[in-house]
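The chain below stands alone and is given as structure tokens, in the form predicted on its own.
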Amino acid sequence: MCDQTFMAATFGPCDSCSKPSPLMNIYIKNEATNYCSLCVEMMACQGLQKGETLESLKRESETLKKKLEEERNKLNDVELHQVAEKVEVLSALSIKTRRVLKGHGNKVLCMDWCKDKRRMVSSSQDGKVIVWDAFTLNKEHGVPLPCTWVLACAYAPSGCAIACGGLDNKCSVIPLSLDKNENLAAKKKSVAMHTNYVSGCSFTNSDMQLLTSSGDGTCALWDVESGQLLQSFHGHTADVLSLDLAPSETGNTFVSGGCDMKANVWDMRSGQNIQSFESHESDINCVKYYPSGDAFASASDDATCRFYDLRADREVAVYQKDSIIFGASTCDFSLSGRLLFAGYNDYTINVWDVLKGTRATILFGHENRVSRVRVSPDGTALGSASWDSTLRVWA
């Protein structure tokens, strides 16, 4: 995900044996407990039946996984590109850089559009969050934060607030005002608190709830007003790097992807993991719902993007070329869903034909890896953020 490595280790008394030692944060029935490695191993062995070992249970789980995959494959009738054979080929795309937004002093790590289709928010390794007018290139607000590596930012549905979080393990909400000279940093309110860095954040369909993903391997739903944890989501076995909310107004599901190479679909009401996909061969850096909400795409360090149909419960397309050897860091769909924009670590944005599985065009312009691409709410423009310290608007 980044070119620097961070390690968070908690040291303290073990909840089981009380000895001071490096602790593992594990969850039992959604209750967080801190056990040392010896107590974790003892706990794992306690429930074993006669003749069972951890190794035999691992082998059994692998066998069950293979059986599930075989059952899934029996339902595979046809590939997406075969269904799309009669669909007309896309005409030549002419997408160019229309605006370059300069103002950050370091890598831009995230960006998001406001629902008014004009304003953008971006966060950077320089510790700043900037609100831009994408038409005039004016900076409307600049908010310094107490930590660098602000990994996540998001606009509230009303356009009256932004959320941001990063290496300080917190996600904060900042109300915006019409007074450009007002000190917004003083109005910042800490809403979410994880035990490791915050990698992603998104408001639900209102300004009152915030969804976050974290390096502690969990996602969480928070009440913005009180800062209360409403629901936590445990299922990933490594850092969660990305999340995306289902697009419908009444959407109660979201998808997350992470370093365990899994993409999980969650029910926000129950906290349950309702679908899981494991076909990538490296970290999943980004997940994004298809506009209809029936499918989603993922971008990974294995240099591929993949397309999953939730109704078919399987992967239906892989977007890759032998010439692409760098990881895909981000992706987003066009408004119609026909195009998939994917940003790569070789500084390019590849545009894929979702139905046919072919590359429609390549966008050049950034001078370092592309960290985020987002299509504007009306579908007329594409915003991109990069480690070259700039943002671009393409149309």
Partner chain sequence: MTIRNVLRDHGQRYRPRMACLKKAEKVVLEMQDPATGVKLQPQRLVITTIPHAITGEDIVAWLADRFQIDAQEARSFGSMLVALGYIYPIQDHKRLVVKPDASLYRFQTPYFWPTQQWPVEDTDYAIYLAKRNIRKKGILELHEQEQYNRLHKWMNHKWDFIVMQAKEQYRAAKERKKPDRVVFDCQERAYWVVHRPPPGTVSAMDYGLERLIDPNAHEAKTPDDYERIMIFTQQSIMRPRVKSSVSIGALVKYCATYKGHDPFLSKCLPSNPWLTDDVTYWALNMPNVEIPTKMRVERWTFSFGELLSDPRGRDDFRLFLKKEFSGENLAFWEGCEDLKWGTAATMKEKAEQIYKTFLARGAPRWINIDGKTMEITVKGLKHPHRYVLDAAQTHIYMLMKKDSYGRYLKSPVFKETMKKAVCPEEHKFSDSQLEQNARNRRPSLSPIIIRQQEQEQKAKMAASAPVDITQVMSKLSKQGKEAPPRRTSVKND
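No experiment lies behind these values; they were computed from the predicted model shown. In this text, rigid core is short for the largest set of C-alphas that superpose within 1.5 Å between two forms. Numbering follows the first chain given and starts at 1.
One more form of this protein should be noted, the form predicted in complex with its partner chain, which is absent from this view; the next part is about it.
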Flag N181 as yes or no: does it have a non-hydrogen atom within 4.5 angstroms of any non-hydrogen atom of its partner chain in the model of the complex?
no
Its partner chain contact in the model of the complex: C36, any heavy atom under 4.5 Å:
no
How about N285 - does it come within 4.5 Å of its partner chain in the model of the complex, if we only consider non-hydrogen atoms?
yes
Classify G200 as contacting or not contacting its partner chain in the model of the complex by the rule of any non-hydrogen atom within 4.5 angstroms, answering yes or no.
no
Where, within 286 to 322, is there a heavy atom within 4.5 Å of its partner chain in the model of the complex? Residue list please.
Y290, P291, S292, D294, A295, D301, D302, A303, F307, D309, R311, A312, D313, R314, V316, K321, D322
Under a superposition restricted to the rigid core, does S18 display a Cα displacement of 2 angstroms or more between the shown form and the other one?
yes
Does L335 count as moved between the shown form and the other one, where moved means a C-alpha shift of 2 angstroms or more after fitting the rigid core?
no
Quick one: once the rigid core is lined up, does L38 have its C-alpha move by 2 Å or more between the shown form and the other one?
yes
Any idea whether D168 and S18 get closer or farther by CA distance in the model of the complex, knowing it moves 3 angstroms or more?
farther
